[in-house]
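Given as structure tokens, the chain that follows is alone and in the form predicted alone.
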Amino acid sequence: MVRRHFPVAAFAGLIVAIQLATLFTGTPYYLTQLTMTAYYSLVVVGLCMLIGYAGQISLGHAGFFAIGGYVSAFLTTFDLQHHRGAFVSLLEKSGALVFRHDVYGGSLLTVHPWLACAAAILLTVAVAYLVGGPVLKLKGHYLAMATLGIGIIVYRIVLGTEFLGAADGISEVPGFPLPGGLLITGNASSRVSNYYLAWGIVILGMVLLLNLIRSRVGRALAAVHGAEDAAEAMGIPTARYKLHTFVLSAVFAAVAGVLLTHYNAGIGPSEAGVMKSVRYVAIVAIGGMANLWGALSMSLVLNYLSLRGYFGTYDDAVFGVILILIMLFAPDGLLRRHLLSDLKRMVSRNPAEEETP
């Protein structure tokens, strides 16, 4: 039991250590990019579950991220005062709508962020089920092309839809309220609390996925990934497990989209771009296709470096090159799940045993 929870405790300790380091070095502004990194990491670990354990690749997860972010942004910024009717009045009386002020001091009647988040997740689940059923029947590059098409469709919709802001996106998104008076917002005064909130959500997501992997469902997914036809012959409903894992990973992406949108107070069509999806796949690949901790570690490093601008104008090219190199030389990832045991085996191997008689 202690061994099982040690990685979680160690990672939590690392998060605390990073925050203390920014405090002692007088660089609290680094927490802004680290908080954004946490939300992008939520997408990565969900995608790692899909690719590494269900064996299904997706190049459209930026689309699910954008669905979550755009739905929540639209519902929490669209003024309903001029659209009053029986339904709007009922929502207002039930507390589903809230009054707030815009940047000019005007009054807005909008959907409560929690209800907007629920709507975003429900729409994501519906879309994932709708497209996942037929798409997951494909394999290999056909599956990759189909999921890429999903991402492109979402990108073109948000880019060309006027009420979604078109190329400008949606801005002035309010903070996301949490119990205890906490608020997910990008204000400088809330840097530390938002840093811990973001990484706390990531750790909760990791605990959920780790428990899922150790359950009967996780063992079934391992069988599906190892030999899908054999698993089907043994009575495992492979199509259902693949679809449910696809939906779960899409929900992770949507939740990340919602929270990052409220943190940044806006969202633009670039979040649904193809290169965003490529970036997520590249991070999963380098972290290890079936290694949640490896994917999370690489996400922490690479997303942070990208957000800080260390790659400059070559940002997308860097992730593209990373993906190509990993596929060529380390298809299981640099931090694959059994890396430590493989290294121990190589070190302890007796050279005399390898000599041919």
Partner chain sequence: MTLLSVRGIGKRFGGLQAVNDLSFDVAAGSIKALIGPNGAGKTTIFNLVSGFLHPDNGVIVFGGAEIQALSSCEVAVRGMVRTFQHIRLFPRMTVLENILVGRHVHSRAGFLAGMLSLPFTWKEERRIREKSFEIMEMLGIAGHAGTEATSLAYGQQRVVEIGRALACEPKLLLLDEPAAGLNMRETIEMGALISRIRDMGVTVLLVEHDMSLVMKISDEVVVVSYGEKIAEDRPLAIQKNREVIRVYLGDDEC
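Residue numbers count along the first chain shown, from 1. This one's a predicted model, so the numbers in the text were calculated from it and none came from an experiment.
Keep in mind that the form predicted together with its partner chain is not shown, yet the notes after this line are about it.
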Legend entry - Region of this chain that lies against its partner chain in the predicted complex, out of 207 to 215, 93 to 101, 78 to 86, 138 to 146 [heavy atom, 4.5 Å]: 207 to 215
Inset, instruction - Quick one: from Ala119, Val131, Ala223, Ile170, grab the residue that has a heavy atom within 4.5 Å of its partner chain in the predicted complex. - result: Ala223
Inset, instruction - Heavy atom within 4.5 Å of its partner chain in the predicted complex: which of Leu109, Ile236, Leu164, Val127 fits that? Just give me the one. - result: Ile236
Inset, instruction - Would you check whether its partner chain, in the predicted complex, lies within 4.5 angstroms of a non-hydrogen atom from each of Ala230, Tyr241 and His244? - result: yes
Inset, instruction - Consider Arg156 of the chain shown here, and say whether it contacts its partner chain in the predicted complex, taking contact as heavy atoms within 4.5 Å. - result: no
Legend entry - Contact label in the predicted complex: Ile201 to its partner chain, heavy atom within 4.5 Å: no
Legend entry - Close approach of Leu248 to its partner chain in the predicted complex, 4.5 Å, heavy atom: yes
